[in-house]
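Here we start with a single chain on its own, the form predicted on its own, put down as structure tokens.
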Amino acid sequence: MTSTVTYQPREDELRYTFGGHPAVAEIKPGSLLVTSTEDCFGGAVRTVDDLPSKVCQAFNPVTGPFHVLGAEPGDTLVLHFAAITPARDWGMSATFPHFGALTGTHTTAMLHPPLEERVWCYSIDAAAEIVTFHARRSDHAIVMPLEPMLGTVGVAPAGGEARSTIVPDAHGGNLDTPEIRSGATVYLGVNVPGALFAIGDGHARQGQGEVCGVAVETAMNVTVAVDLIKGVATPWPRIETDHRIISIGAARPLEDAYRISQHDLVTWTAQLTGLELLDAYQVASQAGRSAPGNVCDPLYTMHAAVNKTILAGVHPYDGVHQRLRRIAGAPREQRGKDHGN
């Protein structure tokens, strides 16, 4: 029988770095973790009058870190997200001065005035699976599908380093890729004993690229199946769904994030199929799909994906995604085709 670890963090137990903190709980590979996460504002932004610059002391808290028994550098941590569900019936978004893809920043100096700091409140109807946008300067409303995801998933970096939860990199972190949803499996290379993984930054939905820098931010209830692959290294975060394999790259400029993700997808494809490297390059070139995660954070993220039907018969990491799906149960969102092509 699968064991279950339940952990509900207090506000003072939320963390703002990967690395630099002791574990809050130990988890045996093969177990389920039932927990919750806060939004990127730490729950402090609750109305359109709550400007984040005034009410937030820090941004992007995560739940954890969790020590995975037996995890050592050179292993791969496996996180299968069995359920990600909103813990509130509302979510918040915002624009900030000097933050976002369509404004001047400290590295993109402009003479025009900075954007206004403005907050939006979205209604969330989990039963109807919808999110409703409410315009601030009119009565206009737009109904969108509810697509819960986690923006931030990662492990402690190597070398005793502590990295801000806002930064994505090879250890994971603030990836902001909408593919981290119920039914998805995330693979992360282990850098320190115990892996020390943490999760957070729930989004009720997010567009590819997160162009303004802020999604529909809300708290989440999360159930994740945790496993470990011994002696197998994973260089960059990877995601597997029922239909696709996805490689993540994080860097600036954006084309380097793109190159990292494509390089990982090509080498992963070669490993899975036995193809020679340039043959795998051709497969990724003709069958691959790519999209930005975010283009606003200290490092940008890109993903590269290929449909598993193209790679017929492959079972990444010896089929751990399918095995954890059976253990955790198939969420309704993923019983049909996932959101990729």
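Remember, predicted model here, so these are calculated numbers, not experimental data. For every residue, the number given is its place in the sequence shown, counted from 1.
Beyond the structure shown, there is the form predicted in complex with another copy of the chain, which is absent from this document and is the topic of what follows.
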item: Among the candidates Ile260, Ile124, Ala219, Ala82, the residue which, in the predicted bound form, approaches another copy of the chain to within 4.5 Å (heavy atoms); value: Ile260
item: Heavy atom within 4.5 Å of another copy of the chain in the predicted bound form - the one residue of Ala87, Val232, Ala162, Ile130 that qualifies; value: Ala162
item: Stretch in contact in the predicted bound form with another copy of the chain, which is absent here, among 32 to 40, 292 to 300, 65 to 73, 46 to 54 (heavy atoms within 4.5 Å); value: 292 to 300
item: is_contact(Glu276, another copy of the chain) in the predicted bound form, heavy atom dist at most 4.5 Å; value: yes
item: Heavy atom of Thr108 within 4.5 Å of another copy of the chain in the predicted bound form; value: yes
item: Proximity of Arg238 to another copy of the chain in the predicted bound form, heavy atoms at 4.5 Å; value: no
item: Distance check, Thr103 to another copy of the chain in the predicted bound form, heavy atom within 4.5 Å; value: yes
item: Partner contacts for 127 to 146, taking another copy of the chain in the predicted bound form and a 4.5 Å heavy atom cut-off; value: Phe133, Ala135, Arg136, Arg137, Ser138, His140, Ile142, Val143, Met144, Pro145
